[in-house]
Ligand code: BES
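Consider the single chain below, provided in structure tokens and representing the form predicted alone.
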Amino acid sequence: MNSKSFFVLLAAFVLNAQVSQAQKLPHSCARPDQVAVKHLHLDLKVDFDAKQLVGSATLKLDRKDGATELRLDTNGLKITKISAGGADLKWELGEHMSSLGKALTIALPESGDEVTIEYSTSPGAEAVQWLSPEQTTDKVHPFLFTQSQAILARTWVPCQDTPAVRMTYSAKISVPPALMAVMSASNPQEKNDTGVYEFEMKQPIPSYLLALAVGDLKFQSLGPRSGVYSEPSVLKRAVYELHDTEKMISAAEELYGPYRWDRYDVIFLPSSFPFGGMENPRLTFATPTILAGDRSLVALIAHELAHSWSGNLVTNATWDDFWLNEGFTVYFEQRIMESIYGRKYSEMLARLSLDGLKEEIAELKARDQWLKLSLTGRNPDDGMTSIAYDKGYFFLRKCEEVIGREKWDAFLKGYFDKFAFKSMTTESFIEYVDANLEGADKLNYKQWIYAEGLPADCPVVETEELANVEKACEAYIGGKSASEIASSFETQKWTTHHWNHFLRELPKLSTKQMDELDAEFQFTQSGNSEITHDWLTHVIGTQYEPGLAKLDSFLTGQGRRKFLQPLYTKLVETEQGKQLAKQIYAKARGGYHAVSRQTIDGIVGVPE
């Protein structure tokens, strides 16, 4: 089949897929082809004693002619009343469907485009984590934060919980007077005396970008349009770490056009936050585990900032198309890091990503290795692997190599402009590439998007920095002492990424080697979460006694799933480790967010 015939058939497939999608969306009960939510207004009270959000959601609708019902997604919400124009409406909740929750069907009046739903959340709402003062950093006031991606918005807001639907929103949030509320919207920069905060998000967003945090927060500016929020004791470290944020914004705009969300602020949440970061527009939610003290982990901020274009601006239409969010964002992140810190630095990041991708591919089922995922009937969290992120990145990097950087950049800038504030499927993206990118026929995209593994034309990453680290590993394995490695390879100049590669390249070590390395490089005492994680992998593998207390404190002291999942997985490989994993998890589970608990429950089992 020639390329022209292929794309004719592909266009027909895309049309059929879009019709099918209009009738039934994966992971959502909504029917936006009949009635779509265009604006949401929340009026909620935050009740820390009851661990509930209580109030109302008012939805402004876009109704097609003849549409008689509104279908929304809910999970664990207690609905008390639904009305329009002062009159009560009939409604019903469907049967519970695993992670999808229950469909809420509302009979609409003959005319009108606004519905108000009075409701409260469950104390166990999966999106919402309620932290006691003891579970926060400063241990004085309670804290609340939400995590809506992928389909958890429905556990705290009745909504059309699909990335195919975008809406603007506003909110009035009432909190205890000692606390401040912030959202993925316009935000206050200091507390008020009333405990009532009002918000507005003028740009349309999908539901998974709805976000709320409430706590004892302080704010400090980083520049004309950026700043940082955190608990008081964290603020100084956070400001230091995010020193280059304005540079990142400028570098991103230079690449792919203006930043369209007015401000870019970051909030550092308590350590139980399950992800490195979440790209909630105007306010990135970030883990304190990136506060390394040397600005070596700020690629995460570059990543979340890049989402302001890839993901927040142009969004995957379904979670099967997740790579359109994350692959583009990793590519964009790498370009930002290269612009600010140089090619040598960004290539270290790329090499570490490639190594991790190859390891994960070896563990995944063949169909889960496609960029175009197949998640119908599954929790979309199953798609949050390095396939979407890093295989997506290397595909786009290959596109750059084939097309040429200048033409590729111009194409991407046009892509973000053309589809700003819209949702995109993989097939629609291919169609756009074919019509607008000269040289598209030279891209091996079928092997990248619709096949397992890495194609033979995967870009090669050459980094002298990490090649030297590999020589250090070889020298150590060959009999050089740790002190000789330190002096011969000038390890005092190494960054986090050098140490990551060093620890990952080492084979299984003896207790004597663990003692020697620890004495020379102080791994057990490290305050760098990335280095600690890699060191603890060796601690588990050797049952290194001096490191077991650090393993306990690391697993109980933070809830980032990226670190928890591999360490618990490593632990349960042996009977002794399995017992230790159960002991630690029994203590730690209550402090983890539901996203992390769900994953670790499957590895260790739910504590009795």
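Start at 1 and count along the sequence shown; that's the residue number. Note that the structure is a prediction, hence the values are computed from the model and not measured.
The form predicted together with this ligand is left out here; the points below concern that form.
Discussion item. I need to confirm a contact call. Of Thr162, Ser184, Gln147, Thr315, which residue comes within 4.5 Å of this ligand in the predicted complex, counting heavy atoms only?
Written reply: Contact with this ligand in the predicted complex is made by Gln147 alone.
Worksheet item: So which of Tyr197, Tyr389, Trp261, Tyr415 gets a non-hydrogen atom within 4.5 Å of this ligand in the predicted complex?
Response: Contact residue from the list: Tyr389.
Discussion item. Please pick out the stretch from 554 to 562, 575 to 583, 56 to 64, 26 to 34 that is in contact with this ligand in the predicted complex, where contact means heavy atoms within 4.5 Å.
Written reply: That would be 554 to 562.
Worksheet item: Though only this chain appears here, would Leu375 touch this ligand in the predicted complex if you measure heavy atom gaps against 4.5 Å?
Response: Flag for Leu375 set to no.
Worksheet item: Taking heavy atoms only, is Ala127 within 4.5 angstroms of this ligand in the predicted complex?
Response: Although this ligand is absent here, Ala127 would stay clear of it in the predicted complex, with no heavy atoms inside 4.5 Å.
Worksheet item: For Glu241, is any heavy atom within 4.5 Å of this ligand in the predicted complex, or not?
Response: No.
Item to complete: State yes or no: in the predicted complex, is some non-hydrogen atom of Glu326 no more than 4.5 angstroms from a non-hydrogen atom of this ligand?
Response: Yes, Glu326 lies within 4.5 Å of this ligand in the predicted complex.
Worksheet item: Which residues, if any, of 268 to 286 lie within 4.5 Å of this ligand in the predicted complex when only heavy atoms count?
Response: The stretch touches the partner through Phe275, Gly276, Gly277, Met278, Glu279.
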